[in-house]
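This document opens with one chain alone, in structure tokens, the form predicted on its own.
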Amino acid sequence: MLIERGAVMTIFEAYNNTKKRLAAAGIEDSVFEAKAIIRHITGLSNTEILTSYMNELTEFQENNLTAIMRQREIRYPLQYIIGTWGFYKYKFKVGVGVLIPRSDTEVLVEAASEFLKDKENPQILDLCAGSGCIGISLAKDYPDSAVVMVEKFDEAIRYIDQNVKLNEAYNTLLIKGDALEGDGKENKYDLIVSNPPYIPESEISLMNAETKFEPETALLSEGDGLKFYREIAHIYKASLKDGGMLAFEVGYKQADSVCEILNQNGYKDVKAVKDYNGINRVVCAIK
């Protein structure tokens, strides 16, 4: 005996229903996420969705949407659900065990890329590389560069390998190592970048629901959250060429403290760069 399928949703109905359910679950950007989910389940672009909005979803698409919404309503990250995410100008695979690339971090890539624009064959070191989104983006922007990425954890390393292949960023080298142990410091670099763990343990309760699915090792830093900045600024100074730049992503209200750390270590031209929300998100300095 065949079980009849219930009422079929159009793409338009699915979008509206998804948007309402996301908003009810407390997700702030429900419009953006609803569009991303509909693109994902249909395989259509925004333009194609607009011209096909009265098309009915297939049974497979409906089932996929149902499964996605069950995960999203418990605040499982959308990026993990979809499996790839746009960052800067490129796409990256992400999933459990790796930090999700964020738009704030694009400011770090932009500042680094601007510094590199007049460099020939730049040598770049990316510490605490995570998904590889910073190092790979710079490798793509500067095909004549050589980018070394240092990452400690196997889960993240698997994603770096995938993202190097996805973006064909073969001017990169991955080192499994610990930034706090000085891994990768043997060479001389024009640029050293890092988005290290910087959330103080005292602020763990303030993290949003999605962040709690991400690896704590990529987020939390003991004490005041500044350990990695102090260690990297000291350990890797000798690895920078004269005139080379050290650039960090920093947490909310950490910019002044990180600037002071760099000044104390003898760097010059120390400055903070604001993110798209007007928050000092990047601190960079010259050796």
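In case it trips you up, residue 1 is the first one in the sequence shown, and so on. Please read all numbers here as calculations on a predicted model, not as lab measurements.
Omitted here: the form predicted together with a small molecule. The next part is about that form.
For the small molecule in the predicted complex, the listed stretch (67 to 75, 111 to 119, 144 to 152, 161 to 169) containing residues with heavy atoms inside 4.5 Å is 144 to 152. Heavy atoms of every residue among Cys133, Asp178 and Pro196 are located within 4.5 Å of the small molecule in the predicted complex. Put simply, of Val107, Ala139, Leu191, Ala156 only one has a heavy atom within 4.5 Å of the small molecule in the predicted complex, and it is Ala156.
With the partner removed from view, the residue among Ala247, Leu262, Ala218, Ala34 that has a non-hydrogen atom within 4.5 Å of the small molecule in the predicted complex turns out to be Ala218. The small molecule is not shown here, but in the predicted complex it comes within 4.5 Å of a heavy atom of Pro101. Although the partner is absent here, Ala129 lies within 4.5 Å of the small molecule in the predicted complex, judged by heavy atoms.
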